[in-house]
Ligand SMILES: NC(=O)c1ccc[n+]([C@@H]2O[C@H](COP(=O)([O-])OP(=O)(O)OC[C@H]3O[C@@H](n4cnc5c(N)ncnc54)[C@H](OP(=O)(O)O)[C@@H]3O)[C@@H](O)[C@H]2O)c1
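We begin with a single chain expressed as structure tokens, specifically the form predicted alone.
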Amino acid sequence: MNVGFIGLGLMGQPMATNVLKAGFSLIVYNRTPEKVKALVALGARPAGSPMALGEDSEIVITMVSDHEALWEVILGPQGALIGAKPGTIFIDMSTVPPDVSCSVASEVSKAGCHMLDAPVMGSVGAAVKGELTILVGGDQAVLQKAEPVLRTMGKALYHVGGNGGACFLKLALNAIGLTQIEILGETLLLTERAGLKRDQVLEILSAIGLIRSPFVETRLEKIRKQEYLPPTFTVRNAVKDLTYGLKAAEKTGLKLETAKSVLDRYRSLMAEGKGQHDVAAATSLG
């Protein structure tokens, strides 16, 4: 089976590598051509455009930065859908708004192809190990055909309903993790003002099962040292995801005040020029 992979950033690179290592014939495209070199060295074939990639792929996977990039690489003038044959399966693993994902899925369907939204939960480390959690929205029969490819990237796979559902769930779950980072920052500020040692507080928090957070624990070393580069998940992406989530919530009639407060904190970090820092930078309150 020929698998095309578009988007070779922090997460896309190891995900695509695992697809290739599992024995699938891999075609790769990235808007920054330098990023395809490592995979080409492992045996992947480079494509000159998303359209060229779509021509040769039975499954097209996208892992791009935002909804505008998704629209461009699938539906743009050189988009993968233009080159795709009827029956091609598109799997978007990016974090994008549910309504955009559904709009793309509608256009894909009109061309006689199929689409799954399949955003992932997990860090870069989990991506390298092929241990991501994959949330899937779309037709169950299409998922069955694509599952062998998805299983190369994730240890757990959940079909949550129709197109757009997985995107909605991903945004909601991301808000939980980002809120944990924010409240930890407030906790550290409070305990430091009380004269307690930062390292000891972090050690105790990690030892208490009821409040221990794997999302936080993957960043403990950064938090201890207060060094937030290189990132595993950037402040810029936190702002993007929380903004998407709040807009999606508004369309259901909800105003999520806690999520809005957390978004304000990450926006303040962006204003300080820390957009490329890890989200753990939100613990540096003072």
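Residue positions are given as counts along the sequence shown, with the first one as 1. Quick caveat: nothing in here was measured; it's all calculated off a predicted structure.
One more form of this protein should be noted, the form predicted together with the ligand, which is absent from this view; the next part is about it.
J.: Answer for Met270 alone: is it within 4.5 Å of the ligand in the model of the complex, judged on heavy atom distances?
T.: Met270: no, not in contact with the ligand in the model of the complex.
J.: Would Leu8 sit within 4.5 Å of the ligand in the model of the complex, counting heavy atoms only?
T.: Yes, contact at 4.5 Å.
J.: Gly79 versus the ligand, in the model of the complex: is there a non-hydrogen atom within 4.5 Å?
T.: Heavy-atom contact with the ligand at 4.5 Å: absent for Gly79.
J.: Heavy atoms within 4.5 Å of the ligand in the model of the complex: does Val120 have any?
T.: Contact with the ligand, yes.
J.: Here the chain is shown alone; which of Lys37, Arg31, Arg45, Arg224 has a heavy atom within 4.5 Å of the ligand in the model of the complex?
T.: Flagged contact: Arg31.
J.: With the ligand left out of view, choose which of Ser65, Ser49, Thr243, Thr218 has a non-hydrogen atom within 4.5 angstroms of it in the model of the complex.
T.: Contact check passes for Ser65.
J.: Please state whether every one of the three residues Ser25, Val136 and Thr152 places a non-hydrogen atom within 4.5 angstroms of the ligand in the model of the complex.
T.: Negative, none of the three is within 4.5 Å.
J.: Choose from 158 to 166, 87 to 95, 103 to 111, 186 to 194 the stretch whose residues reach within 4.5 Å of the ligand in the model of the complex, heavy atoms counted.
T.: Selected range: 87 to 95.
J.: Using the arrangement in the model of the complex, list in sequence order the residues of 243 to 271 with any heavy atom within 4.5 angstroms of the ligand.
T.: Heavy-atom contacts within 4.5 Å come from no residue here.
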